[in-house]
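Subsequent text provides structure tokens for two forms of one protein chain, presented individually as structure 1 and structure 2.
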Structure 1
Amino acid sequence: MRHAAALRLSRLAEPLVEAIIRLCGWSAIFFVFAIFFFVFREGAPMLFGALDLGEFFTSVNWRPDSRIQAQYGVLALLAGTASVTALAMLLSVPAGLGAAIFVSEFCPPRVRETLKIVIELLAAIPSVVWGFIGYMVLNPVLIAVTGAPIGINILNGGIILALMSVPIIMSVGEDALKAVPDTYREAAIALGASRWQVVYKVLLPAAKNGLLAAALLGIGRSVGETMAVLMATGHAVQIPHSLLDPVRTLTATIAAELGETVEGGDHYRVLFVIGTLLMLMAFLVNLTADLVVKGVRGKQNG
């Protein structure tokens, strides 16, 4: 009797659990579209009205508070975002993937657990604290080392963003390497491969999808970061010509100016247009990654 009752209960519970899981999956899609709709709705009056898109994308003049003629050019902001993100990725992707390979394949078990805890604790540090580190610690160091008049610049912001991205890249990359079956390693060793050859010839090709995902998560972390780059990059609207130039990013502009705008005004709505642009950039990065991963899988299956 008890067994029959438990069986009936499990049959009743299974559709309910399935419905909850399905609801969770669809709710994630709904929330993403709802956020995009909200941001797009606030910026639409300027996007389809008074905003000159040619000037918006090609002008370096960002003067939203000008009493003579307000100018909304984001070319310098795009250049600042791209330069800081590119430098952060150049530093964090090799460091993060290298740390993942070391922790996964070369590290003794006790040291591995300690390193994983220490590296992942970096992800728990608030971004404003990273901003303080960039402003109070890296700023004087870069002035002393490079001779630059000010140390809050692209190099400072890139280093800070790289340190913030390494824990994510390392954690996801290590999981991807651990997911490779041990039979791959054993077969390579049986053929006489060294440990480095196993990593380079076997593990990296087998885990390339997961490693690509790790790198893209790092890019997303860098592009979307606000407070740290606001404090560490100098917040200057200009096209950079060297790593020692201060810049301003799209996210830092929204964070610094949204609280000072009049709700419903042109400046307010242009900031939401920038938010829409950021969401489209994130969508394109993820779409490109998805196409690349599918291409890699297609070649492997073929």
Structure 2
Amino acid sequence: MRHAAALRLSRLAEPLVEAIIRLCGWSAIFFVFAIFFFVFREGAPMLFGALDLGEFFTSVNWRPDSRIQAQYGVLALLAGTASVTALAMLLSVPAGLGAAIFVSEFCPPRVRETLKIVIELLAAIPSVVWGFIGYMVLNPVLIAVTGAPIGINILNGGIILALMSVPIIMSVGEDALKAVPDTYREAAIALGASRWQVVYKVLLPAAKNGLLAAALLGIGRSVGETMAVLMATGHAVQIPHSLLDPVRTLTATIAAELGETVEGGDHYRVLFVIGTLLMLMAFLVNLTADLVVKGVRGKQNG
């Protein structure tokens, strides 16, 4: 009898457990909407109120503290984000993809395992430590090498961001190369192609989309990175003219200024508007990367 009772209980518990599991699964959707909702909610009064969107996107004047007339132009901040990201990608995409090709196609298996662990550890280093490295270690090096008066600038931030982006570009890139069926490699080798020819003529075209997705994810990470750029790129809100100019990015602006704003004030709300903008940019990059990867899968299955 006891068995039967326990059995009945477990049969009753089953739908409950299933409901909880489903709820947890759907929570991911809930959180994405919640993030959007709450960030947007704090920024909305300003977005639909005093904020002049034309000025917001086209003005280089970011003067949130001005007593006479506060100005909220993010063009310089956008330029800051764009310049640091561009430099970081210029350095990290070739390096990351090159390393991915090396690890996936040329490397002896034992070295590959070690390298992957090193890369994994590299990816684990917190962004504030990267910022610290830029601020304390790279800064004097750059002053010595470039002769600039201060080494906290685009170059510094770009190098740091590049180092941070390499692991993700590399691991996504390696996955893309791995996804190319071995039969392609074997067929090419059977035709007398060298390993480099296999990579160049067969793998790269076949893995094109996955590698593109890797680069996109690297961009996404760079645009969203906060602490490292806050510490390593300097604090000048300006359109940069050279690699040695300090800049301020969108993310760094929020991190640096939110603490000093009055809750519910214009400045406070504008920072949330910037947050909304950042989120939309991140969604766009991620969705594109996702679609690009899906494109690959679809073609290979079909």
Partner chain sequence: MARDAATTTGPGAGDAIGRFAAGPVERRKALVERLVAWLLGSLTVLLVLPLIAILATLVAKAWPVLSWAFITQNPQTYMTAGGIWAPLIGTFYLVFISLAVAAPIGVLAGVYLNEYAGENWTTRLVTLAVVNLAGVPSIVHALFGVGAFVLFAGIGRSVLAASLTLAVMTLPVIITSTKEALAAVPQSFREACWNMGASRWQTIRTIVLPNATSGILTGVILQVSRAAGETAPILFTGAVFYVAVPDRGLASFFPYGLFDRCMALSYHLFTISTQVTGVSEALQYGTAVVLIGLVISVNLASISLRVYLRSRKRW
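So that the term is clear: the rigid core is the largest set of C-alpha atoms that superpose within 1.5 Å between two forms. Numbering runs along the sequence of structure 1, starting at 1. What you are looking at is a predicted structure, and each value in this text was computed from that prediction instead of being measured.
- Looking at the condition given, the form predicted alone, one finds it describes the source of structure 1 alone.
- Once the two forms are overlaid on the core, residue 19 shows a Cα shift of 7.2 Å between structures 1 and 2.
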